[in-house]
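Below you'll find only one chain, the form predicted alone, shown as structure tokens.
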């Protein structure tokens, strides 16, 4: 491994461990300070319902996003969160603008920079939003702006979809049609998009392999 890769993995692991400690420390310190502890039975039942899903999705997402975002981008994304809606689109668009491919050293650097800047910008915006919440709330909640906010994500992913479909429509059509049918039949799955991203990725890989074996790619 190069010196760059060694440092990326070292600081990535350190940041991941520190993030886990920070996430676990707040509820622990609150429980110690107020001497209020959750019931172990209820806590165990709740964990049994979410741990299998989150562990499975976490493992699948690591294999799904790592080749796309690179090591540095993956570490940053998993620590700061909101990969599907923000970090991945930022990295993909940055690599497109820079005309580099995912999985290359150039793509790794561009992806890491894009995700890092995205994390900083998000933090600054959230901080400003917190300070100006009372002032901005009437404007952001106005009926005039409501349709725009409701269509931000569809517009963002629609633009990205055009780019990727145009690159290789044979691979893109299969997962796209599958997801469209799935969401039409079961609209309630719209709240579980992050769980279905790995499913679409696996379907695209299987379809690519099939088309390659048939000599269509």
Partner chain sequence: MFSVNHPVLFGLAGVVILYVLGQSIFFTVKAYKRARELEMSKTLLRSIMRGAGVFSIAPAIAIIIGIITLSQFLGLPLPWLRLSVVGALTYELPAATSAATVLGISLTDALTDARSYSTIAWVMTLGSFSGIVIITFFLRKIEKGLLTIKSKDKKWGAIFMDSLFIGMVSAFLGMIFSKVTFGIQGWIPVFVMIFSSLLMLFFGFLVKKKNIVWLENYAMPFSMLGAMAFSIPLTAWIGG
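From a predicted model like this one, the values you see are computed outputs, not experimental measurements. If you superpose the two forms and keep the largest set of C-alpha atoms that fall within 1.5 Å, you have the rigid core. Numbering follows the first chain given and starts at 1.
Just so you know, the form predicted in complex with the partner chain exists too; it's not on screen, but the next bit is about it.
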Checked 105-143 against the partner chain in the predicted complex; residues with a heavy atom within 4.5 Å, sequence order, are 105, 106, 108, 109, 110, 112, 113, 114, 116, 117, 118, 119, 120, 121, 122, 123, 125, 126, 127, 129, 130, 133, 137, 140, 141
If we fit on the core, is the Cα of residue 62 displaced 2 Å or more between this form and the one not shown?
yes
Once the two forms are fit on the core, has residue 22 moved its CA by at least 2 Å between this form and the one not shown?
yes
Did residue 184 shift 2 Å or more between this form and the one not shown, C-alpha, core superposed:
no
